[in-house]
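Given as structure tokens, the chain that follows is alone and in the form predicted on its own.
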């Protein structure tokens, strides 16, 4: 038996710009360096979370997207996290490999798995929920739809936060959205592509 699921809200972060529910809410005229952009968003959103500065860039992207999408509040602590990307943690893996020539960096080593980002989000919001991270060649709506429908069908969740958070060589692509049993746009492949593609180059 299938259930009707709905996309309640979404956020996209690309090319030094942020769109929330399709509206541009932050943007630099010229694209800026990722590190500078991440700090600029943090200050612009008036966030106060010192652990942010210890995270790798992939986790920072996931953290910032989640904070802005949820306005810093995930009230349902059973909200599942279903994330994916194509580069895994390659950006941090390469940085860590460079340190191995001298002295391996423990602070980088802890981020050499992409699902650490989910741990950071769970810690920040005190989530006690299921989370999963997939590595896929490209953004695949059907992957998210099939997995999320199974979670709802098995009555494991009432809410899911989904995310495509990809990063490699300072090229980043962030798309997060929330799914629930009511409200918003129908959760299907066509609607996901509409939300994902307009600002994607």
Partner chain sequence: MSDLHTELKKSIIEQLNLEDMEASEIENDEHLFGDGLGLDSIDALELIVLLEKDYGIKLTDPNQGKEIFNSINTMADFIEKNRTR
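Residue numbers count along the first chain shown, from 1. Predicted model, so just to flag it, every value in this text is computed and none were measured.
What comes next is about the form predicted in complex with the partner chain, which is not displayed.
Heavy atoms within 4.5 Å of the partner chain in the predicted bound form map, among the stretches 74-82, 124-132, 107-115, 87-95, onto 107-115 alone. Taking the partner from elsewhere, residue 39 is found to have a heavy atom lying within 4.5 Å of the partner chain in the predicted bound form. Residue contact check for residue 137: none of its heavy atoms lie within 4.5 Å of the partner chain in the predicted bound form.
In the predicted bound form, the partner chain lies farther than 4.5 Å from every heavy atom of residue 155.
Interface membership of residue 44, defined by any non-hydrogen atom within 4.5 Å of the partner chain in the predicted bound form, is ruled out.
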